[in-house]
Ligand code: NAP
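First comes one chain, alone, set out as structure tokens in the form predicted on its own.
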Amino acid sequence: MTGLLDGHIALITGGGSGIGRGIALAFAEHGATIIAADINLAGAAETVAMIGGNAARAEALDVTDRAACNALAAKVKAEVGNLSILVNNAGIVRRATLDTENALNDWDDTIGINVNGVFNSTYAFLDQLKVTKGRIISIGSIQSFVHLRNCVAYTTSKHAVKGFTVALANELAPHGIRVNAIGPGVIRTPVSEKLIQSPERLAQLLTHIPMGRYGTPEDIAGPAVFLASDLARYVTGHTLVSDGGYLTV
């Protein structure tokens, strides 16, 4: 089934690699006009080149910069049109305990990108999404539900994404805007490469994944297409977990 997103304008933060790139490619395949926004403009440009044609563009964006988010929203409205799908994907992971020397920076950076960044992007495009009765999809994690060792800041941030999703879905439903999240499990991306390349850690993780493998960006892109499309027209406030069964163990 193709064409599920015909006529939509979609912006994906962190669209220059990993899950964000996977979602951008899938949205384009289903007919959406794509704006790949990333602090790494070169990565976003690579995503656009992979899409090809004239229905995609790359934009530089630091989601922690509220003024930059507002400026990009104004640019998108003027040059492309009112946004109808926002994917809050940009995020980082810092694995360390609170007694490390970088604990304060890790906390500030993680909350700044994973929480404040989600708010900044959403707030910047909110007026446009009201016009289009759009959809917001934020990328949470299995750590929106459980905690993995040495990830206090990350777990906190992803619990916040889940809470933000529930609260905003309730607030924006009268405007016709659906708000959902996706909770990826262990997904092979540049962020998780070191984790997956450790044979001991990978073996440990796989014992906790009933499907017996780590995920790929395509395993998140499918749920994103569903949530962005009218197939999910009665779904809001939900965090859809895609984890190979991790949370069942």
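Sequential numbering from 1, following the sequence displayed. Because the structure is predicted, anything quoted here is derived from the model rather than measured.
In what follows, reference is made to the form predicted in complex with the named molecule, a form of this protein that is not presented.
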May I ask you to check whether Tyr154 falls inside a 4.5 Å heavy atom distance of the named molecule in the model of the complex?
-> yes
Would Ala56 show up as a contact with the named molecule in the model of the complex if we use heavy atoms at 4.5 Å?
-> no
Hey, in the model of the complex, does Thr64 get a heavy atom within 4.5 angstroms of the named molecule?
-> yes
Any of the heavy atoms of Asn40 lying within 4.5 Å of the named molecule in the model of the complex?
-> yes
Hey, of 97-105, 162-170, 139-147, 124-132, which bit sits against the named molecule in the model of the complex at 4.5 Å between non-hydrogen atoms?
-> 139-147
The named molecule isn't shown here, but in the model of the complex which of Ala68, Ala45, Val191, Leu206 has a heavy atom within 4.5 Å of it?
-> Val191
Any residue of 14-28 with a heavy atom within 4.5 Å of the named molecule in the model of the complex counts; write them all down in order.
-> Gly14, Gly16, Ser17, Gly18, Ile19, Gly20
